[in-house]
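Next up is one chain by itself, shown in structure tokens, the form predicted alone.
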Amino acid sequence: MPKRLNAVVSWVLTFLVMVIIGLPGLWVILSGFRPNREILAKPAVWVPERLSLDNFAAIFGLGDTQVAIPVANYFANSLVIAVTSTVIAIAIGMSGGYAFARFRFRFKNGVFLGLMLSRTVPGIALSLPVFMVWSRIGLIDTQFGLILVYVALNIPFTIWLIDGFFRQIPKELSEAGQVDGCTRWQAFWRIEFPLARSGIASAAIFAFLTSWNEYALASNLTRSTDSKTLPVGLMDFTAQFTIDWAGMCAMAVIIIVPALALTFLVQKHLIAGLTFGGVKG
């Protein structure tokens, strides 16, 4: 009986904590589907009177009320930057993680420690030095400049994460494949890569979400619709004396949906990858 009671209390507390954590996100989502007057109402209106797509139509330039903000451009920029930086970071991270897990070379531990220490530096602390360097080489307000920054931010984490997964795969599997006639490259792609696929997918999700949601660096390195991302574009809804909360919340929903969709699509790989690489040998 005490065990069952403890389980019930644990589930109730977990549910309450999740409700508290998810309440702001739920408020943002609901506010994306209702008018400004209802969002600003006092006392707060928790249950919307009517849900509509008017806010979304307005920010995309449709319907009677239009907002002069290029949301489609911001979305395209975010997608290109996040996908490109993720692919590059995973390609480098997979190579680096495999090298750290499988090979011995000089200064291996020192290089690995250096990569991990570089990841501890907060992005906002890099804003000024990156801005100064990028301004000198002409990468301010370019997608390529932001992609380089996100690749540099994601590589240490992806190397660390993927290294843990490859360490869990016995070397004997690759060696057996090479004995049977596979080259080192074939043994990697046919034997080791499929086993580490869940871990690589986990690293890719984290890298994508980091690039997709990042604001501090993007706000300093972008200026125009050619490179602005969705999180930076949220500030376009603010004016000197007013804030278009309805439009801002609608755009926030557009930011949230792709991230949620991606997570749900690959949730099996994500859970398997996190549990597989949870303990390093």
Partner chain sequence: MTEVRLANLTKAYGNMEVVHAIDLDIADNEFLVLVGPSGCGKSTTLRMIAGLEEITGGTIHIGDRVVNDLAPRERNVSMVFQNYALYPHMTVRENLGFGLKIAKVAEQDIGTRVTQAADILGIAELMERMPAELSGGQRQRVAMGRAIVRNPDVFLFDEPLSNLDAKLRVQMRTEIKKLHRRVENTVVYVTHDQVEAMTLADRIVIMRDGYIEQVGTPLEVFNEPANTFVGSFIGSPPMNQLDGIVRLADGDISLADGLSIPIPQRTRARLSEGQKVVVGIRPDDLAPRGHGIHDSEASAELELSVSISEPLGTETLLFTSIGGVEVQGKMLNPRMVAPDERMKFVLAVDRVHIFEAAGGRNVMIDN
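Residue numbers count along the first chain shown, from 1. Every value quoted in this text rests on a predicted model; they were computed, and no experiment measured them.
Another form, the form predicted in complex with its partner chain, is not on view; read the next lines as being about it.
Contact with its partner chain in the predicted bound form, judged by any heavy atom within 4.5 Å, is made by just one of V83, L195, V111, A72: L195. Residue in contact with its partner chain in the predicted bound form (any heavy atom within 4.5 Å), chosen from L161, I205, L139, I191: I191. Not displayed here, its partner chain is kept clear of V87 by more than 4.5 Å at the level of heavy atoms in the predicted bound form. Of the heavy atoms in I200, none are within 4.5 Å of its partner chain in the predicted bound form.
At the 4.5 Å threshold, heavy atoms of A76 stay clear of its partner chain in the predicted bound form, well away from it. At the 4.5 Å threshold, heavy atoms of C182 reach its partner chain in the predicted bound form. Taking its partner chain as it sits in the predicted bound form, the stretch 164-181 comes within 4.5 angstroms of it through a non-hydrogen atom at P170, K171, E172, L173, E175, A176, G177, Q178, V179, D180, G181.
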